[in-house]
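The same protein chain appears twice below, in two forms, each given on its own as structure tokens and labelled structure 1 and structure 2.
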Structure 1
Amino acid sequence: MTDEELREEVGAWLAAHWKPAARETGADSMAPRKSAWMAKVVEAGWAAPRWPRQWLGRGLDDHQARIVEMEFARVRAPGSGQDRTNLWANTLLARGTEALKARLIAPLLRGEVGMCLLYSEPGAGSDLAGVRTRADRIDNHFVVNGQKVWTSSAATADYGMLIARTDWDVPKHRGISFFFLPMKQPGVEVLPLRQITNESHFNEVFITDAIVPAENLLGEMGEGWRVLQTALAYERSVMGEAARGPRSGVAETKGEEVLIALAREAGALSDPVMRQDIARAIGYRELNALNTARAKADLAQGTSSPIMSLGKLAMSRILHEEARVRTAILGAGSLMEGPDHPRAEDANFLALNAYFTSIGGGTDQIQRNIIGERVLGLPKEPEIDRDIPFREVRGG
């Protein structure tokens, strides 16, 4: 099929099936409820066009898959491109058992399954290889005990992507396994955490004798670190490409860059220093878009790439810089807060929320380590506990 034939096929399919009203029922492809629109997209193979037909894809190369995504974007229809953006489904396709894939791939693409990440622990944040949550095998299942923290969407999730220690007699990176843990069962307690933005997206999760079937193991026993790198690559890819915007609901000026419009509205656009700051912030974002495209072009299904760390780190810097510029444009007005001052509300929220990107998916410091060691080839930092059995590692 030529590019033009593909474009015509996608366009004709959208013309026949996509109506503006469908946005109300299928706009959120990750929502944990059945969507008639998403079901159509998945059934037609447009949700993950790069994937093989066996797994509801079209077997297209990256170039033609982008054509599909552009046609969907042209009419503002959601659902396509999940073979790049759906963290859960991509990780499952790359590393899951055949039984688990057959059970969950389609519901994940349709947005019918709620998911969360069970990685970080109170004593294992930046060093995820130090996790102490344990999973002990008994017959055809594992019994899980431990604690996780900073878990988004844990209260509504059906499954959590869990890393847990299954072998305490090998070095820390080799004793971890990766699971899809059923969340809605006795022994899984979720407590919300209040954030600096006065929201509660994050949670603590306490796990006591929870059960996970053996078929929910991704990869082999003890290979969880490798599976985790695949999952983190997709997470960093998404975080490096987009970020959460303002929450006030105030419409931004259409057709004009947000910072430019804000400076024009505040009468600050004639300030040469302010213009330079705005240009720098815009330049960061454009450069990051090019780098992200480069990284994704090199990323094969199921692999990880240190280049993704560049995009994730860059997005963190972009968000902090843009929040700083917004605050500078508003001047003393940025000290105001609340719904009566939506511009200041946005500036303050974005400044505080930028720290989420500095922490989630691996801290900025971890990304710098990855870039230094794997991209620039610099010497690794010393790790005195890397090659000793984990049960001999001292805990805080």
Structure 2
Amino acid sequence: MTDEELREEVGAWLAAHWKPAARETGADSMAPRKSAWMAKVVEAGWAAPRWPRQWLGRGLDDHQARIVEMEFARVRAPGSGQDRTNLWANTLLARGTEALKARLIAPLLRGEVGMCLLYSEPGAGSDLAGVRTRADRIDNHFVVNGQKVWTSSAATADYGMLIARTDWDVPKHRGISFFFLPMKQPGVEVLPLRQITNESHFNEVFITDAIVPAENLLGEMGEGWRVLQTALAYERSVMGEAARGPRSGVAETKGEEVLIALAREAGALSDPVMRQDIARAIGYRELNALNTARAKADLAQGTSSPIMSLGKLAMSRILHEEARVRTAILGAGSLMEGPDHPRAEDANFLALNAYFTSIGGGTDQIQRNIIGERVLGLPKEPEIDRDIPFREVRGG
């Protein structure tokens, strides 16, 4: 099929089936409509156009799949390109058993299955390979015991992508297995985690004698670390895609810079020290936008760019610094909280929430290790627990 024929086919299909007005209806009626729409997209093979027909795809190459995605994007229809963006379905297709794929691929593409991540533990944060949640095989299923943390959407999820230890007598990376854990069972208890911002976006998940059927194992026993790397790669590529949006990457001036406006409002804009701080903070954000734009240009020319790996570290600095400057602008006003003090609410929230970026998804310190090792080629720290049986590794 030529590009033009494909474009026409997708365009005609969208013209026949996509009713943009459906988006304008109220929230209550939207869910079933969206579900019906997604079912049509999946059935037509547009949800994952790069996948083989056996798995509801169309077997298109990347170039033609992009055409499909562009046609969907043109009319703002959701649901296509999930062979790039659907973390769950991609991981399952890559490493799942035939039985599990047959059961879940279609519902995952239709967005009917709630999912969550069961990776981090109280004792395994930066050192994720140190997980101590255990999965013990009994006949045709596994029994899982342990505790997970930083899990979003755990209360509504149908399955969690779980890493658990199945072998304690081999070094830590080699004794981990990867599962789709059914969440709606008595052995899985979800408790919201109250954050320093006084919000609750994450949960703790307590797992006590929970059951996973053997067919929900992804990859082989003990191969979980590698499956995890596959899943993380999908997660990162989706994040990369998000960063590669339609924006030029260069900050546009939409009216006045917020820090300037805040300082003006607070009567602090004439303070020369404050002016220096504000200029420096705005500069940090602009420099990051320029770095991102340059990285995109490099990528477009086929050169991989080391700059992409710097974005998260840069963003940590931006967020902490902006919060610090906002606080300085308010002065004693930042002592307040509550709806009568929205500026203080903002500054204080941002000061605390900056840690979401500088700790979440790998701390700044882990990020610096990655940059030092993978970008600059510096040697790794010796890992004293790498080659000894996990049973003998010190935890805590």
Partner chain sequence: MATLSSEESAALRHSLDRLLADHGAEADVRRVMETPSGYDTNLWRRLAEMGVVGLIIDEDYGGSGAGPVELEMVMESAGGALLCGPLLASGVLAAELLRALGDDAARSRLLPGIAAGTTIATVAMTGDHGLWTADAVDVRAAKSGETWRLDSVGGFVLHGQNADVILVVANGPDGLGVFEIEPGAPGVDIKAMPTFDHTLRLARIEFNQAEARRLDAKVPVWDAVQRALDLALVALAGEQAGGARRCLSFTVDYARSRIQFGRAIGSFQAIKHMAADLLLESESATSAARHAADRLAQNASDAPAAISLAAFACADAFTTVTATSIQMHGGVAFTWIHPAHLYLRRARADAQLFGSPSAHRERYLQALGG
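Take the two forms, find the largest set of C-alpha atoms that superpose within 1.5 Å, and that set is the rigid core. All residue numbers here follow the sequence of structure 1, with the first residue given the number 1. Keep in mind the model is a prediction, meaning the values are calculated, not measured.
The first of the two standalone chains is derived from the form predicted alone. With the core held fixed, residue 316 shows a CA shift of 2 Å or greater between the two structures. Put the two forms on the same core and the Cα of residue 226 is off by less than 2 Å between the two structures. A movement of the C-alpha atom of residue 278 reaching 2 angstroms or beyond is seen between the two structures when the two forms are aligned on their rigid core. The rigid core superposition between the two structures gives a CA shift for residue 198 of 4.2 Å.
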